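Read the single chain below, which is given as structure tokens and is the form predicted on its own.
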């Protein structure tokens, strides 16, 4: 006769053993923890950090080659007397000669005038246009129209204004001559007006950039601060300088830095309009650098001028950042 197990003989005991509840400790009940010890293997395991460095290595190598190599070669070249015939090591002689070069010093003075006029007019007009566009129902169409000059190449913009300034058929020359501002001479042919002419071209082309950046800053001005200030009886003008302008400082810093660096390196429109003339009235330092390096092929001297210009640009950029960060620190 077959033996029957006591568990199988008792159906209730079998059911209790099959459907028994797991015993949990008080710690597990207080703080639930996963009881899964063997997690399934992922199809996409996380990659180590060095994998991403390997992916970026080709791009970093290319960027280093096209930026760092020319920079260090520029330093080496500035310490040599390099021309078409070859080079000779002269040490810091190129830098010493710059302090006795009258055209180099005049180039700095003209560059300072050019940059101050361009930045002042562009920031003032850019913020004013941004306020006008921000409060207009035709904002999309105005932004599209403002972007058109900025999309034009600087050389093409210079050529366009060269035709407008022409003493024979130029519209602007005819308008200025009709109101008695100009005589028969072209605006570009007079040393008294040539600088203002190239400044006007730069302002016309790049004020839209300041406008677009300032318009983006106006969109982030807190409405609750504006409304609270108006409830306290502040006029719209006071509201603008007390609330709007402090919120515009970060974006204006970006705009001013972009235009400041561009004014120190873009010479396309100046070369097309005046070429540095009449005489040396518009020969700002980048134009003088272009003549020394690529017209007279004094590459060592040109490298010294370029490196000096780079160092001064970095120093002035740092000063601009501090000037614009000061109101933010006082506000904080």
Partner chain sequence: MASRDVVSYDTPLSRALKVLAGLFLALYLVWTLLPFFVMFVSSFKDLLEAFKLPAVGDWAGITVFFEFTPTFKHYTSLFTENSFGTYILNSLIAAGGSAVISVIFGSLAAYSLSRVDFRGKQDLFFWIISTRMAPVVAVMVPLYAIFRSLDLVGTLPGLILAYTTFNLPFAIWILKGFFDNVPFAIEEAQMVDGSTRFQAFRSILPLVAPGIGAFVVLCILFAWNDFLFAAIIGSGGAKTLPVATRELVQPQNIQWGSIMAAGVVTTAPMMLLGLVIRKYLVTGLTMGAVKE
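Residue numbers count along the first chain shown, from 1. Since we're looking at a predicted model, the values are computed, not measured.
Only in words, not in the display: the form predicted together with the partner chain, which the text now covers.
Trainee: Exactly one residue in 73, 92, 89, 109 has a non-hydrogen atom within 4.5 Å of the partner chain in the model of the complex; which is it?
Mentor: Of the listed residues, the single hit is 73.
Trainee: Looking at 241-249, 93-101, 168-176, 112-120, which lies within 4.5 angstroms of the partner chain in the model of the complex, counting heavy atoms?
Mentor: Flagged stretch: 168-176.
Trainee: Would residue 276 show up as a contact with the partner chain in the model of the complex if we use heavy atoms at 4.5 Å?
Mentor: No, residue 276 is distant from the partner.
Trainee: Does the partner chain come within 4.5 Å of any heavy atom of residue 194 in the model of the complex?
Mentor: Judged by the heavy-atom cut-off of 4.5 Å, residue 194 is well away from the partner chain in the model of the complex.
Trainee: Any chance residue 225 has a heavy atom within 4.5 Å of the partner chain in the model of the complex?
Mentor: It does not: once the partner chain is placed as it appears in the model of the complex, residue 225 has no heavy atom within 4.5 Å of it.
Trainee: When the contact criterion is heavy atoms within 4.5 Å, does residue 297 count as touching the partner chain in the model of the complex?
Mentor: So residue 297 counts as contacting the partner chain.
Trainee: With the partner chain taken in the model of the complex, which residues across 109-147 come within 4.5 angstroms through any non-hydrogen atom?
Mentor: Going through 109-147 in order - heavy atoms within 4.5 Å of the partner chain in the model of the complex - the hits are 125, 128, 129, 132, 133, 134, 135, 136, 140, 142, 143, 144, 145, 146, 147.
Trainee: In the model of the complex, do the Cα atoms of residue 99 and residue 319 sit closer or farther apart than here, given a shift of 3 Å or more?
Mentor: Relative to this form, farther apart in the model of the complex.
Trainee: Once you compare with this form, do the C-alpha atoms of residue 216 and residue 319 lie closer or farther in the model of the complex, given a change of 3 Å or more?
Mentor: Closer, not farther.
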